[in-house]
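A single chain comes next, written as structure tokens; it is the form predicted on its own.
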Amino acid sequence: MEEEMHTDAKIRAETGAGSSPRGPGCSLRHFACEQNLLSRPDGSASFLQGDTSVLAGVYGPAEVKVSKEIFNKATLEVILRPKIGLPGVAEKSRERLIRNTCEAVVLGTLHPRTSITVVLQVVSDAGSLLACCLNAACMALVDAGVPMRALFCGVTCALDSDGTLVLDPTSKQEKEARAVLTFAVDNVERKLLMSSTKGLFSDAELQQCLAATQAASQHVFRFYRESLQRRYSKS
């Protein structure tokens, strides 16, 4: 607890507006989410994080190609499409990270020999793109009714040259940062599901970022809950 309080004290405060999950010591940008936007996928969600926006669609469980069939669980695929042009090395790397995160929580053994496909379309990238993709994927999986043992969320941290920690950085802050770290955690045990790091940082700074991520994830999961409550209370 002392470590989290110390971490929160070092986080740079930023102003937020709209449907913001910000709380004391939490510098996440405003969030917005809308589910069931698309008619063809089994589930879909649009997730807005500041000016970063991602549209996600989930297909399945559905029939799978024989070459991709797994006899004891579902085959999970992730397709990430950039805003402009064809997917490159960066998109393929993010696809792998998102797939590994989804596989850690999706109960694929309930649907063996089937396919679950998550398609992500980048609408705008203003920083913390991987975290936004993870959040969009989770809300789309929920909308599709895919069985999961837990929800998950992504949080990105940036470390300035002076060691100041910034949560949910913008593109400008990411370019100026000494290191950028993205983590995925679940909502049951706050367990680390995935990490992606770039740049130089110490072990102490890594632990500081982890503590900040776990604290910030509580605000993200609260936003999930409030968003779902608003949707189902209308229906």
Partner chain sequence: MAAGFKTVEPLEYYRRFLKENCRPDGRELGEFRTTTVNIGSISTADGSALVKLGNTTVICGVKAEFAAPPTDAPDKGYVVPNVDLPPLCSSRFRSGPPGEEAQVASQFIADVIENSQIIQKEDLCISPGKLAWVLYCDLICLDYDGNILDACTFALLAALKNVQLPEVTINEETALAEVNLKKKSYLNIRTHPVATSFAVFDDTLLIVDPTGEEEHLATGTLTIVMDEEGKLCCLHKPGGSGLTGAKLQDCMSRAVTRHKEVKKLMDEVIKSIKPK
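Numbering follows the first chain given and starts at 1. Only a predicted model underlies this, so the values are computations on that prediction, with no experimental measurement involved.
This protein has a second form, the form predicted together with the partner chain, left out of what is shown; the following refers to that one.
#### Entry: Interface membership of M194, the partner chain in the predicted complex, 4.5 Å heavy atom rule
It does: once the partner chain is placed as it appears in the predicted complex, M194 has a heavy atom within 4.5 Å of it.
### Any non-hydrogen atom of R113 within 4.5 angstroms of the partner chain in the predicted complex
No, R113 stays farther than 4.5 Å from the partner chain in the predicted complex.
### Query
Counting only non-hydrogen atoms and a 4.5 angstroms cut-off, does T109 reach the partner chain in the predicted complex?
It does not: once the partner chain is placed as it appears in the predicted complex, T109 has no heavy atom within 4.5 Å of it.
### Query
Do S202 and the partner chain share at least one heavy atom pair within 4.5 Å in the predicted complex?
Flag for S202 set to yes.
### Query
What residues of 86-121, in sequence order, lie within 4.5 Å of the partner chain in the predicted complex by heavy atom?
Residues within 4.5 Å: G88, V89, A90, K92, S93, R96, L97, R99, N100, T101, A104.
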